[in-house]
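A single chain, nothing else alongside it, follows as structure tokens in the form predicted on its own.
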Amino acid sequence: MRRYIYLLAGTFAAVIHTGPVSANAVYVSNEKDNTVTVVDSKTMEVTKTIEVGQRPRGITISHDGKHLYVCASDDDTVEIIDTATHEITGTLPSGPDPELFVLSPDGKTLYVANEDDNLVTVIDVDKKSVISEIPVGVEPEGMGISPDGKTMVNTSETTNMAHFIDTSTHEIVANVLVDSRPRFAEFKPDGSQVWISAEIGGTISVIDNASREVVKKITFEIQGLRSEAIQPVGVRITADGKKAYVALGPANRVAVINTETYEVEKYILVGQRVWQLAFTPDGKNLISTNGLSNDITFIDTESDEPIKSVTVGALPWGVTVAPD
């Protein structure tokens, strides 16, 4: 609960916040300058810069909001940051070149894509130990997990596959061919589908989670841009499952897709080389990382219009937001 101390001096009163503020902190990994930028989601202002390991990319936060996990790719580790002090308090044994990861719904297990070793490393977060190493395709990157935690999906960039993995056995149970250079995997909130972005293929493959078959391929067309400039990367789906947002890389836009009709309803112009996306907990804002313009963009999800761009570090890559 937030507490206030009122200091009265004549006709003046000051309010001191002694408890947590209402804003949900936004954390952005900056790949080039080895930092994480902290942004206040309400004021949309930078509040802190944290120095981290080399080439930070994947970033996520514990479900209780107390710990931040950062893939320090060139250090071959996942760093743990205390969100209260902004200090690095430990590391997790990620395996070589961790790029992206996903945290299990119960918060106990971290699944890490090791790009250089063609493995997914499974980590017990509390014990800080490796549970398993799962061989997958060449250059694994995208990581998604079903809402019930039973199925994890990894994408391999060179093999052009989505690997469906049973989280109880750590075995691959299905391999689904998608388009060239798949970069991200995102489940719908009801677990019925997983959406896979293909950066070079320029598509989204919508895969049915029951049949493990591609049921739809979504393409993009932006007037005035060559097709090869439209490169789908990060994907996020709203909590009600009705809209999907796709970062389109050097197209400098975020696509808005109706998940029922699979139609692209809008393209939102943001910064240069839009890469990853994250919602605020209330779902009212979407945040994009724009690598070449060194900023992030806040987007209003009701109007699907950009609100404000905020300068962060050099080459922002990943983004996550503290929970309520």
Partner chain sequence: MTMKSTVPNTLIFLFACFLLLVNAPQSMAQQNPATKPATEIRIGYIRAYEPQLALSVLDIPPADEGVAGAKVAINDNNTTGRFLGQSFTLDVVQTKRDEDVVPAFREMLTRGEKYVLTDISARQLLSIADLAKENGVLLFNVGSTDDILREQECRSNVFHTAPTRSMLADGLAQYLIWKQWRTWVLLYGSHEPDQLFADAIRRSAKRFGAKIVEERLYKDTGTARRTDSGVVQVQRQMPVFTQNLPAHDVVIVADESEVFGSYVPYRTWDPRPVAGTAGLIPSSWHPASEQWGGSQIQNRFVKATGRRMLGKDMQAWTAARILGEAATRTNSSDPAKIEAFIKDENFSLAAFKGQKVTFRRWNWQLRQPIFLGDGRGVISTSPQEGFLHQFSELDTLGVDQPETACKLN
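No experiment lies behind these values; they were computed from the predicted model shown. Positions refer to the first chain, counted from 1.
As for the form predicted in complex with the partner chain, it is not shown, yet the points below apply to it.
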Could you work out which of 213, 228, 221, 106 is the residue within 4.5 angstroms of the partner chain in the predicted complex, going by heavy atoms? 228
Listed residue (83, 175, 192, 238) with a non-hydrogen atom within 4.5 angstroms of the partner chain in the predicted complex: 175
Any idea which of 120 to 128, 239 to 247, 156 to 164, 84 to 92 reaches within 4.5 Å of the partner chain in the predicted complex, heavy atoms considered? 156 to 164
Since only the chain is shown here, I'm wondering whether residue 188 would be in contact with the partner chain in the predicted complex (any heavy atom pair within 4.5 Å). no
At the 4.5 Å heavy atom threshold, is residue 180 in contact with the partner chain in the predicted complex? yes
Looking in the predicted complex, any heavy atom of residue 148 within 4.5 Å of the partner chain? no
In the predicted complex, is there a heavy atom of the partner chain that lies within 4.5 Å of any heavy atom of residue 207, even though the partner is absent here? no
Residues within stretch 98 to 124 having a non-hydrogen atom within 4.5 Å of the partner chain in the predicted complex: 99, 115, 116, 117, 118
